[in-house]
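First, one chain by itself in structure tokens, the form predicted on its own.
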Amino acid sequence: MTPPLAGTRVIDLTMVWAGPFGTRGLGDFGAEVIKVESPTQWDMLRSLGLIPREIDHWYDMSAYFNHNNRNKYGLALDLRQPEGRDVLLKLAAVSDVIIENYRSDVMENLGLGYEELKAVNPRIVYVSMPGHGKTGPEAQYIAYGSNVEQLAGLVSVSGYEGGEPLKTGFSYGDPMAGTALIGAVAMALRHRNRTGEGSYVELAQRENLGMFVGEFVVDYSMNGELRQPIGNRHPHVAPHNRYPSGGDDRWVVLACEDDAQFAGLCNAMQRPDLLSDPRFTTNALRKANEEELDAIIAEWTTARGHYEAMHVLQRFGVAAGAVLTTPEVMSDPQLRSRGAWVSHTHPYAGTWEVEAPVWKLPRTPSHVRMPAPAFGQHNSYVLRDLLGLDEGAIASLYATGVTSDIPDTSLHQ
């Protein structure tokens, strides 16, 4: 069956994580995504695989790169050279979407801003993903997902009570921006399909992540309350925490939002006496005596494995989940039963399992069609088949370094 974005061609100028994660999603749902990398300034994720440099094609083996760039074609093109710019304009003329996540002034300095691309294709959807936006006093600042977390206010409310602020275990801003990108492209394409007009979309990563701390902004703007880090607890509800389970650094989390769920917890632990304990008869009292309540729960969870505790609590209507390690996530029976993992083979990196596309559309399903491209792997397809360049023109692009089948590794050791 035809996936929903089949027939949509996307030029992917993005690098690292935020942009490639989003364009991967477009590829998962059928878009023809052409990832463009310069022979000299290629995606730095290729160099983050800890692959020994003496191995042939080491730059094609990075798990980080290959994970974020499946379902894409690969084109090597130096946009700083006039010939490279001309090729990109030709490609834009036969494409639907172009996406970039450079510093805010890069595309305009290259002569490849929205107005230039609109001139060759009025129906083009042009998406920019600057870290700080295209305007404002910090528009030229460099951004990565890690420092976007700080600037969006997320880190100020993360961490344990009385401790220092903590960032997440990964650069949370990147996948959030990538997810937003998919929605932005879908809306812009819908607008184009209704009106025939292309559009320019600006998706500032810092502002996007700011949406995920909106409740704290509202709390401060309405009540003047500056929320402090509280670890795994909840500001108003108890119990709400993570608890040791079965030893060997295993944990289970649970949350009770009302009296009925707390009754389920007490029955699961075979402690009906807690329902009449004057310390715990209401949520307000449970919150006031949270330390004592957590100690009672921890005594019960410690005697059970994290999966066992989760399943027992869920049967009694308690929201609970085992804290899974990566191997446990990979072997989790629920995820396995739903086909959450698929086998994937790359010509240089080998075969491994990756997560399947998470949006399950019954009539237009997505799937992993292609591994991430080797560097410049589809130069011939794009230059010859899509753009119709003759052999002499293509040879000239190779001779002048505008394109290449092998990256210059001198800047990425």
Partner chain sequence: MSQPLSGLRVLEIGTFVSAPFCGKLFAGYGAEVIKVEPPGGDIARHHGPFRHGKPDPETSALFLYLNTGKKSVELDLRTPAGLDAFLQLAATADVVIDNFRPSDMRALGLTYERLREVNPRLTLVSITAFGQDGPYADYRANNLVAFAMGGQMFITGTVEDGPVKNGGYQADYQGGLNAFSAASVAILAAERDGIGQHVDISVQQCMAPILEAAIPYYSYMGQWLGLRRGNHMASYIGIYPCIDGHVGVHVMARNWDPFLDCIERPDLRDDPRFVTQVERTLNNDDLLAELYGWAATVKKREIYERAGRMRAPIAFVHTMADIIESPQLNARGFLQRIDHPVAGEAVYVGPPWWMGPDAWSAGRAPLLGEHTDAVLRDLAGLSDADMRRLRGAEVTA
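Numbering follows the first chain given and starts at 1. On a predicted model such as this, the values are computed, not experimentally measured, just so you know.
A second form of this protein, the form predicted together with the partner chain, is not displayed here; the remarks below concern that form.
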Exercise for review: Could you tell me which one of S156, N289, N267, T281 places a heavy atom within 4.5 Å of the partner chain in the model of the complex?
Suggested key: S156
Revision key, fill the gap. The partner chain in the model of the complex has a heavy atom of only one listed residue within 4.5 Å, and of P272, G162, G247, G136 that residue is G136
Check your understanding: Does at least one non-hydrogen atom of Y64 fall within 4.5 angstroms of the partner chain in the model of the complex?
Key -> yes
Check your understanding: Is there a non-hydrogen atom of Y73 within 4.5 angstroms of a non-hydrogen atom of the partner chain in the model of the complex?
Key -> no
Check your understanding: For G210, is any heavy atom within 4.5 Å of the partner chain in the model of the complex, or not?
Key -> yes
Check your understanding: Using heavy atoms and a 4.5 Å limit, would one call M1 a contact residue for the partner chain in the model of the complex?
Key -> yes
Exercise for review: Look at the candidate spot formed by F29, L166 and A255 and say whether the partner chain comes within 4.5 Å of a heavy atom in all three of them in the model of the complex.
Suggested key: yes
Point to revise | Stretch from 380-388, 31-39, 367-375, 64-72 whose residues place a heavy atom within 4.5 Å of the partner chain in the model of the complex | key: 64-72
Review point. Looking at the partner chain in the model of the complex, which residues in 40-63 have at least one heavy atom within 4.5 Å of it?
Key: M44, L48, G49, L50, M61, A63
